[in-house]
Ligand code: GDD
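The chain below stands alone, shown as structure tokens; this is the form predicted on its own.
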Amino acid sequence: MKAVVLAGGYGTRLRPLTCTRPKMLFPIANMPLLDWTLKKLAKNKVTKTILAVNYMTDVFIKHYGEKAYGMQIAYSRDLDPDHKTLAGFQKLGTGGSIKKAEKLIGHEEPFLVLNGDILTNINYAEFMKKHETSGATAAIALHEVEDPSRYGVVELTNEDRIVQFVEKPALDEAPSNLINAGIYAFNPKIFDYIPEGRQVSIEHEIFPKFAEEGKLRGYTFQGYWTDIGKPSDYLKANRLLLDMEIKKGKLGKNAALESETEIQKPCIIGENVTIKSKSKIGPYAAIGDNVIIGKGALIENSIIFPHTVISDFTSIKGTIIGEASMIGSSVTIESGCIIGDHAMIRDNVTLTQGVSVCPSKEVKESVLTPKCLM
């Protein structure tokens, strides 16, 4: 079985962190999001995964190479490496990316497609089996949410046939609470419906037509599901994995915790981490490898990328801190802040809710209104 992971997004809502890495490589519970996905695909009998990439393609290739978790890894570039014109820089959309990968996918058997920025424990093999027995051209994995207005929403019959597909409806106009989970099963016939060489949205152009023609099925799954489209979603995904996968907590090899350090679970601490005395870590903290945390520090509901230094008596809540950042003493960083890679926050600085700091930026004074520091 083959799978296509749509991994070409720019992650604009997660800047400045996406200025230096694709969001699919963001750590969640100290492992890249895409690794969580690839591991589950391999367990569900996928033998080849095609990464449909665009932004920072070389980073993906360097990270995964040609094989991961026992699967063959191939790359389909939305933009050809030798393309010299500005026209080649347009995004192909979900449908265009699938069409571009047609030769790598082939026409021999049905295949999976999934958005790269989702985190779920769906059984992919079971989902594909339901699709293969239905005879439909396409199937969508469906998940029930409280607020469907951010997503594609379906109306589903008792026979699992989707009769209506509405992309991001107003809350009072949504036909149900069942949303498109960004996981699809397609027969190779799908290629006949996708125009070549232009941007195509599966959600806007293909699914509504299939719903009208009776060619679209939907299968609801239980378990967990979230995307990481924006910072609050990213923190939510980290909490979810700590609850569901890590549970009691995990301490990496060669981690050193000094006396009176308090670890509140669930929490994960990477390898070669140093935490000095009387610091409080957690709950819902993910501390990357080679991080140094000073004495009397407080870190909760936050993600700290590797190689960062956090000095004495600093408080960090609901924050994402990029790789190799330097956070001074007696700093307060409030919920909703994002600190880019290699940034430096000087002693006694307070960053209020919603402040973002660009990579390598030095901050010497407190910022008490939400803004981006460039």
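Note that residue numbering follows the sequence shown and begins at 1. Owing to the predicted nature of the structure, the values given are computational and were not obtained by experimental measurement.
Keep in mind the form predicted in complex with the named molecule is missing from the figure; the text below concerns it.
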The named molecule contact in the predicted complex: Gly116, any heavy atom under 4.5 Å: yes
Contact test in the predicted complex: Lys361 vs the named molecule, heavy atoms, 4.5 Å: no
Touches the named molecule in the predicted complex: Val53 (any heavy atom, 4.5 Å): yes
Partner proximity in the predicted complex: Ser97 to the named molecule, non-hydrogen atom cutoff 4.5 Å: yes
Output flag, Asn238, Ile293 and Ile320 jointly within 4.5 Å of the named molecule in the predicted complex, heavy atom basis: no
Listed residue (Phe165, Tyr284, Phe221, Phe111) with a non-hydrogen atom within 4.5 angstroms of the named molecule in the predicted complex: Phe165
Heavy atom within 4.5 Å of the named molecule in the predicted complex - residue from Gly152, Gly288, Pro266, Pro231: Gly152
Partner-facing stretch of 102-110, 294-302, 117-125, 257-265, counted where any non-hydrogen atom is within 4.5 angstroms of the named molecule in the predicted complex: 117-125
